[in-house]
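Take a look at this single chain in structure tokens; it is the form predicted on its own.
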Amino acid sequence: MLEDMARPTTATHDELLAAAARRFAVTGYKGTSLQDIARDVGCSKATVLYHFASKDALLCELMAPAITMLEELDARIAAHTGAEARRAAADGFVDLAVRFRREIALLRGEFPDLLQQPAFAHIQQISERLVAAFAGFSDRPEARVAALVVLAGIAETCGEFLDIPDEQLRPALLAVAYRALEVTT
């Protein structure tokens, strides 16, 4: 217990976030306990709960920067229609996915369950608006299918290919997205 008190609070907080990210990446969100995170950092579960009210709160803080960027993208897309919306959605989502690909990787396969949590409920509506923008707000089945395939493919690719440098991944993703969405460059 003395070692818990000897560390600066912000350092412990940051260590807990880093340990949670590593654990979530290996065993998933559901497969990780607060005790696992505490053990990884070398502190007690009580220390974890001092910094975070719950495992959900820890996840929310880990994901907050990505969610903020997603909300900003949602607001930017609202100002566009048709081809402009497709391009803005593709550019913005690729930027977000590349920047936060480690967060995407650590939550792969758990998004549907996470969207059921109150803190992430609004993400479902943003995702639906993003798919609509990727489709250029078209009702054509081909446009809607392409939009969902591209959106899911970008996220999956970013989570899978952590070894590809950002400066190579971003243009590759945009080239595929533009082609699939029929965006002219």
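In case it trips you up, residue 1 is the first one in the sequence shown, and so on. Just so we're clear, the structure is a prediction, and the values are computed from it rather than from any experiment. Just so we're on the same page, rigid core means the largest C-alpha set that superposes within 1.5 Å between forms.
Only in words, not in the display: the form predicted together with the DNA, which the text now covers.
Residue 64: touches the DNA in the predicted complex, heavy atom cutoff 4.5 angstroms: Outside the cut-off, so no.
Heavy atom of residue 44 within 4.5 Å of the DNA in the predicted complex: Heavy-atom contact with the DNA at 4.5 Å: present for residue 44.
Residue 117, heavy atom within 4.5 angstroms of the DNA in the predicted complex: Answer no; every heavy atom of residue 117 is more than 4.5 Å from the DNA in the predicted complex.
Heavy atom of residue 49 within 4.5 Å of the DNA in the predicted complex: So residue 49 counts as contacting the DNA.
Which of 66-74, 140-148, 51-59, 123-131 lines the interface with the DNA in the predicted complex (heavy atom within 4.5 Å): Selected stretch: 51-59.
Residues from 10-37 in contact with the DNA (non-hydrogen atom within 4.5 Å) in the predicted complex: Stretch hits, in order: 12, 32, 33, 34, 35.
C-alpha of residue 124 moved at least 2 Å between this form and the one not shown on rigid core: Where the cores coincide, residue 124 shows only a C-alpha shift between this form and the one not shown that is less than 2 Å.
Is_shifted residue 46 between this form and the one not shown (CA, 2 Å cut-off, rigid core): Yes, the C-alpha position differs by at least 2 Å between this form and the one not shown.
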